[in-house]
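We begin with a single chain expressed as structure tokens, specifically the form predicted on its own.
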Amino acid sequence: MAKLVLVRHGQSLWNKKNVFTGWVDVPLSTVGIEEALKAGETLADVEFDAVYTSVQVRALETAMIAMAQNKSEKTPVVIHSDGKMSEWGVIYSEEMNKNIIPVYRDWHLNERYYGELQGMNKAETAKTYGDEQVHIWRRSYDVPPPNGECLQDTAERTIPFFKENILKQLKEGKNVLVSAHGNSLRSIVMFIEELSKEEVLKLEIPTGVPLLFSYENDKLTRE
């Protein structure tokens, strides 16, 4: 039986300021760091074989801080597939190569792109456009913010990536940690639990709280 753990990054500095973040690359706040540490304590006994994160720093920070609490003797190592880091980041020790946990970063797991709302304070945006319009942009399934993504758009990139990469690892019996974002993870949970577009709108994923699933007989079940 393989395990899948999904964790939304800890509170970011723009979460703290109530600002639409989307693809803006903002780090964790001190509260977010504490949330990541707490998540790591919860997951300390799980032996992970692979870690996936978005390319955004708050997701990578959360994963690496959490993995620092892990009791495994293996070391999480970010895998670089291009540029100088891929060339010079090679591990030449066969022993150490066998004792790493690969950490893969991919933009398909990024947060929903909030378009022209990025960097805007949520309360001020509601004053400008009205509470109802902002609520529609934030919570509807198929209505995007100006020049941004709706949840449906996000699902169209996250779910194929999940099937082609993460699900493949689970089928091989590997334990996988995914550190990503509220909306990218909502879309993945929608796929796993076969939620309707109405049901997924009620789904809330809090920051820094791991969601655990067991994979057995080609089925993922929440623990």
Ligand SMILES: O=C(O)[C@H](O)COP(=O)(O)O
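The model shown is predicted, which means the values in this text are computed figures rather than measured ones. Start at 1 with the first residue shown and count on from there.
Omitted here: the form predicted together with this ligand. The next part is about that form.
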| property | result |
| --- | --- |
| Partner-facing stretch of 110-118, 67-75, 140-148, 94-102, counted where any non-hydrogen atom is within 4.5 angstroms of this ligand in the model of the complex | 110-118 |
| Contact of Lys122 with this ligand in the model of the complex (heavy atom, 4.5 Å) | yes |
| Contact test in the model of the complex: Asn183 vs this ligand, heavy atoms, 4.5 Å | yes |
| Close approach of Gly208 to this ligand in the model of the complex, 4.5 Å, heavy atom | no |
| Contact flag, Tyr215 vs this ligand in the model of the complex, heavy atom cut 4.5 Å | no |
| Interface residues of 17-49 toward this ligand, as seen in the model of the complex [heavy atoms, 4.5 Å] | Val19, Phe20, Thr21, Gly22 |
